[in-house]
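In the block that follows, a single chain appears as structure tokens, in the form predicted alone.
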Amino acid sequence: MISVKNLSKSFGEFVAVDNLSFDIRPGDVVGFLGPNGAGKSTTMKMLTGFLNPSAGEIRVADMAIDQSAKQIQEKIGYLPEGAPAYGDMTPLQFLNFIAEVRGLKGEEKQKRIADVVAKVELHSVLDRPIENLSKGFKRRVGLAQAIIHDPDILIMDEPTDGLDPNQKHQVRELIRHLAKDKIVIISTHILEEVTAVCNRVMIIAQGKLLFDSTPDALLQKSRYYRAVSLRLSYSADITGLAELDGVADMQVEQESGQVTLFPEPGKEILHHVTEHVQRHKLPVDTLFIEQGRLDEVFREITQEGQR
């Protein structure tokens, strides 16, 4: 559905996007990650036709965006960074306006407006000026306009920015539901969003693609993947833990007292750890297997890319 080949964008001497190539198919929920200034928003603006590339090709549904921009934009729902809208309009007026721009009329228009208002829960603010709404409600208005025409492709720049935890959960559930028959691309700096809603992760830094795989594959790059962590209720002799079969290293966090045991490549160490704990009657309060730490992997990948 989306094919990007050797995509680049420069602003004067500054290269914002540097030779990106990737394909995205229906059912993909892509988390587009990168530090500030990595080129995420610039790439999204090129995918939606708002910016022209300096070099490379974008094809959507087998149409080239430089030749068929309007037909492609009809298939796309776009939530830009900051969710810009006409502040003096109410959400209802704004959604009516966007629906008409999208070519919806009569009963179909009213049905689609009612549907998106219910999905993003805008009933309580429908008749208030958008400029008076909270950041979270402005975000929800932006999301509503992006999905009002039931697009094949949904591109969202920081979709949960400014939302409280309950609203974030609701938007993520909506994204999961929408992703069943759409392409969804999410630019985010919230790492937990990747594991919450995405089945694919792309990381860019300084405009270059550094990682493209599943969230699980990203977690597996973490030093903490399948490590065993435990906390003791009081101080005890833990020196024997580091000597267990399959344990490559041990780390003790001074503030929390948490002990983390790192396995050798391909080794499972949980059963050795639990046997040692029981045999030596260590006062363990909690013991768990680490799933990997995304923040650590993200730093390693992006800092290495910058070097």
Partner chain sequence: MNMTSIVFKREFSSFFATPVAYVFIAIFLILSGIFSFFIGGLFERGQADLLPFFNFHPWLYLFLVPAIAMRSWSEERKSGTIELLMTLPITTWQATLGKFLAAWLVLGLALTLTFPLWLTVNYLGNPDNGIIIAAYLASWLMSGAFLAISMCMSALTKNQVVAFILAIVVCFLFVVSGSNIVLDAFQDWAPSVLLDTIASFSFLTHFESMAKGVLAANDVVYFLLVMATWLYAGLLIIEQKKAD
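Residue numbers count along the first chain shown, from 1. Owing to the predicted nature of the structure, the values given are computational and were not obtained by experimental measurement.
The following text describes the form predicted together with the partner chain, which does not appear among the structures shown.
Peer 1: Against the partner chain in the predicted bound form, would Val101 count as a contact residue? Criterion: heavy atoms within 4.5 Å.
Peer 2: Yes, Val101 lies within 4.5 Å of the partner chain in the predicted bound form.
Peer 1: Can you check whether Leu51 is within 4.5 Å of the partner chain in the predicted bound form, heavy atom basis?
Peer 2: Result yes; Leu51 sits at the interface with the partner chain in the predicted bound form.
Peer 1: Heavy atom to heavy atom, is Arg59 within 4.5 Å of the partner chain in the predicted bound form?
Peer 2: It does not: once the partner chain is placed as it appears in the predicted bound form, Arg59 has no heavy atom within 4.5 Å of it.
Peer 1: With the cut-off set at 4.5 Å between non-hydrogen atoms, does Phe94 touch the partner chain in the predicted bound form?
Peer 2: Yes.
Peer 1: Considering Leu163, Ala85, Ala196, Leu178, which brings a non-hydrogen atom within 4.5 Å of the partner chain in the predicted bound form?
Peer 2: Spelling it out, the residue with a heavy atom inside the cut-off is Ala85.
Peer 1: To verify the annotation, which of these, His123, Lys135, Lys105, His189, has a non-hydrogen atom within 4.5 Å of the partner chain in the predicted bound form?
Peer 2: Looking at His123, Lys135, Lys105, His189 one by one, just Lys105 meets the 4.5 Å heavy-atom criterion.
Peer 1: Is it true that Ser222, Phe298 and Gln303 each have at least one non-hydrogen atom within 4.5 Å of the partner chain in the predicted bound form?
Peer 2: No, because Ser222, Phe298 and Gln303 lack any heavy atom that approaches the partner chain to within 4.5 Å in the predicted bound form.
Peer 1: Counting only heavy atoms and a 4.5 Å cutoff, which of 197 to 205, 113 to 121, 69 to 77, 224 to 232 contacts the partner chain in the predicted bound form?
Peer 2: It is 69 to 77 that comes within 4.5 Å of the partner.
Peer 1: Scan 122 to 152 and write down, in order along the chain, each residue with a heavy atom lying within 4.5 Å of the partner chain in the predicted bound form.
Peer 2: Heavy-atom contacts within 4.5 Å come from Gln145 alone.
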